[in-house]
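One chain is shown next in structure tokens, namely the form predicted on its own.
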Amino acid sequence: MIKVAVVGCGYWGPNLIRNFCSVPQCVMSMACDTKPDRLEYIQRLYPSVAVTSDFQDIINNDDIDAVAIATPVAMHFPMAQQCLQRGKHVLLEKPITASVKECQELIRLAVKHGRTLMVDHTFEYTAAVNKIKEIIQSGELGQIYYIDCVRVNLGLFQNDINVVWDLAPHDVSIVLYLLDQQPESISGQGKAHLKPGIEDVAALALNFPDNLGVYIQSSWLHPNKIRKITIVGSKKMLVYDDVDPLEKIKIYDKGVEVPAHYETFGDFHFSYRYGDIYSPRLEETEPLKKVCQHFIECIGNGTQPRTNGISGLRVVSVLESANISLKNGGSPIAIDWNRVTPEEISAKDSI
């Protein structure tokens, strides 16, 4: 039985604890938080789980095999670094670290110590996103022209990261997973209205090969909660609305066709197609339960997590470049994918 500890019992940590308690191959052993009221809350719900306010109690406990970290992103690297150095497997909340350099070091440590390093890109484990990937790969949408992502709501404001690092990791991970390719460059613009230097609204433009564009809008200052991704293809269009409880995916048989040949401007007419709309059936299960189950299975089997350290590094590479563009007035920034070194790529099956 794999013994698990969860660090951080604020917003996401209790969800991790609940799901680890339901995974039969592990024992949810210990929870850590600096706030006594959060530890009291966990003890009331899970009397069998030991609690501590000292992270070193987990580090020094040789019975703890794996640690899930759900703290502010600034604490991800130092905590994960200590865990890996002590031979513990690590699951990190998104984004995996606050920089490419930190992520590279965690990957190196995971390989060196033969430990599992995984990032919780939760949406890659949802039925909806995996159905969309299946639809794209089938060719039903045709050539993908562009993808538009909107992830906005009122709050929750963060003190240590801007809205790009808070909300955009979801959309970046989804897009990279769906397209199975990497953007060449990125530009971003944003504004800080309430806290100087911390953008609370931002818009990113990712440039992929073959003239494919991805646009990501993130905001903590919006009256409505919107979680929507629109994918426009040459044959059909797809809308993924994560807030819709019944029909999360809708496929529109709509499109525009350009005449193959025309001799005069008067001969040039677009042909618009308005067809049916349908919503595929989804077998929904809690994605975080799949994340926790997958983490434990990878530890037990010695296999590679779907969202491993390399996956986390790709997302952080995009976010870091986006942040540089934000601070430089929206100038396009080329994303250096060579920072994923050949040594790290060859070792990815071990992380």
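Numbers for residues come from their place in the sequence shown, where the first is 1. Quick caveat, the model's predicted, so the values are computed rather than measured.
Beyond what is shown, the protein has a form predicted together with a further copy of the same chain; the following relates to that form.
Using a 4.5 Å cutoff between non-hydrogen atoms, Val175 does not count as a contact of a further copy of the same chain in the model of the complex. Residue contact with a further copy of the same chain in the model of the complex: Asp242 places no heavy atom within 4.5 Å of it.
With a 4.5 Å cutoff on heavy atoms, Ala74 does not count as touching a further copy of the same chain in the model of the complex; it lies far away. In the model of the complex, a further copy of the same chain lies farther than 4.5 Å from every heavy atom of Gly10. Screening 248 to 256, 104 to 112, 77 to 85, 163 to 171 for residues having heavy atoms within 4.5 Å of a further copy of the same chain in the model of the complex returns a single hit, 248 to 256.
Within 4.5 Å of a further copy of the same chain in the model of the complex, a heavy atom is found for none of Met1, Pro24 and Leu141. This chain is displayed alone, yet in the model of the complex one of Ser99, Asn130, Asn207, Thr122 has a heavy atom within 4.5 Å of a further copy of the same chain; that residue is Asn207. Along 96 to 128, a non-hydrogen atom within 4.5 Å of a further copy of the same chain in the model of the complex is carried by no residue at all.
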